[in-house]
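Coming up is one lone chain in structure tokens, specifically the form predicted on its own.
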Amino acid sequence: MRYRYYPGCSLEGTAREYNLSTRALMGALGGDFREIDDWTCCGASAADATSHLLSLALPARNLALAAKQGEGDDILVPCSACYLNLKKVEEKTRRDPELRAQLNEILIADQLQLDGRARVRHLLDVLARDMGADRIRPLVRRPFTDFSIAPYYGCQCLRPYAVFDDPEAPQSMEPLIKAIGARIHPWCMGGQCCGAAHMQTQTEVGMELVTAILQGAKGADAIVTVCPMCQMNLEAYQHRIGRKCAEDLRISVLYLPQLLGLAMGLPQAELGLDLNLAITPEFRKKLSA
């Protein structure tokens, strides 16, 4: 299949390793995907506080660009927040012709138009359903047979649009992780919220949520994520939470395409592994062995 790639702002900044590893993995899997020319911010979580219409118009522009540049191509989105924003406009404009007409009045300035046929896909959806374990397994060069991995989905790729997995008991990562020989860490935190941006606005609430996730991952070699905000929260606050709890909660946190890419023998530099904030010495030693 062909895809139009929407990296979003985070993947060009704080989550650059997610961008690098996504490109490297999709290339190794033979994915035909091309970045949307002239894409712009989807509005993240800030646009809606400024203007509801703006929060819809920003994703709408990217959907219209993708449709113009690759008719019939699915839109591949790794960032869960971007995915949610673009998916929301896809769903709303498909069901509401009046809203689509209103947005098209805005888009006409760029000679763009929404036709209601856009199909937004999260990277996890593409890896799980289009690529699949059977495509990954023969490409494994470094089996992770001695690793236990905790798959962490977060909220936004699963809710409110339960397109490719069960939000309450997600499992779409598990066949991919098993395909590289790793064990699934037994836990029930995969679909729990990490606090997202509330880590900045309501820090104590965010810290409590991340603490529960890190404690649930004890015994695993790594947590694997598919969301830049989740990755940041789980990486950046480990030491602070550990001091507060008087507990060692250090654990490696990787993006899913980094993990799969490592198993397929892709160079660590291509996967951006040096950009991760939380890769423990124990994980590196086990990896090198």
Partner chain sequence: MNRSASPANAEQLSRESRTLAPVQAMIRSCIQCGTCTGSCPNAFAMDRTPRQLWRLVLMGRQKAIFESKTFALCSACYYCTLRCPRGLPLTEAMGALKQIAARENRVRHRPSTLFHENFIRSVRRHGRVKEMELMTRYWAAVKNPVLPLRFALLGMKLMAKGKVSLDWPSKAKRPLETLFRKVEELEGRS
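Positions refer to the first chain, counted from 1. For clarity, every value in this text was computed on a predicted model and none was experimentally measured.
From this point on, the text means the form predicted together with its partner chain, which you will not see here.
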Item to check | Answer option from 264, 47, 29, 241, heavy atom within 4.5 Å of its partner chain in the predicted complex | outcome: 47
Item to check | Interface residue in the predicted complex among 140, 106, 184, 133, criterion: non-hydrogen atom within 4.5 angstroms of its partner chain | outcome: 106
Next on the checklist: Residue-level question: is residue 52 within 4.5 Å of its partner chain in the predicted complex, judged on heavy atoms?
Outcome noted: yes
Next on the checklist: Check residue 148 for me: does it contact its partner chain in the predicted complex (non-hydrogen atoms, 4.5 angstroms)?
Outcome noted: no
Checklist entry - Just to confirm, residue 219 within 4.5 Å of its partner chain in the predicted complex by heavy atoms? => result no
Next on the checklist: Test of understanding: in the predicted complex, would residue 160 fall inside 4.5 Å of its partner chain by heavy atoms?
Outcome noted: yes
Checklist entry - Which single stretch, out of 113-121, 88-96, 69-77, 140-148, brings residue heavy atoms within 4.5 Å of its partner chain in the predicted complex? => result 88-96
Checklist entry - If you check in the predicted complex, do 13, 84 and 236 all have a non-hydrogen atom within 4.5 Å of its partner chain? => result yes
Checklist entry - Relative to its partner chain in the predicted complex, which residues of 142-171 have a heavy atom no more than 4.5 Å away? => result 155, 156, 159, 160, 167, 168
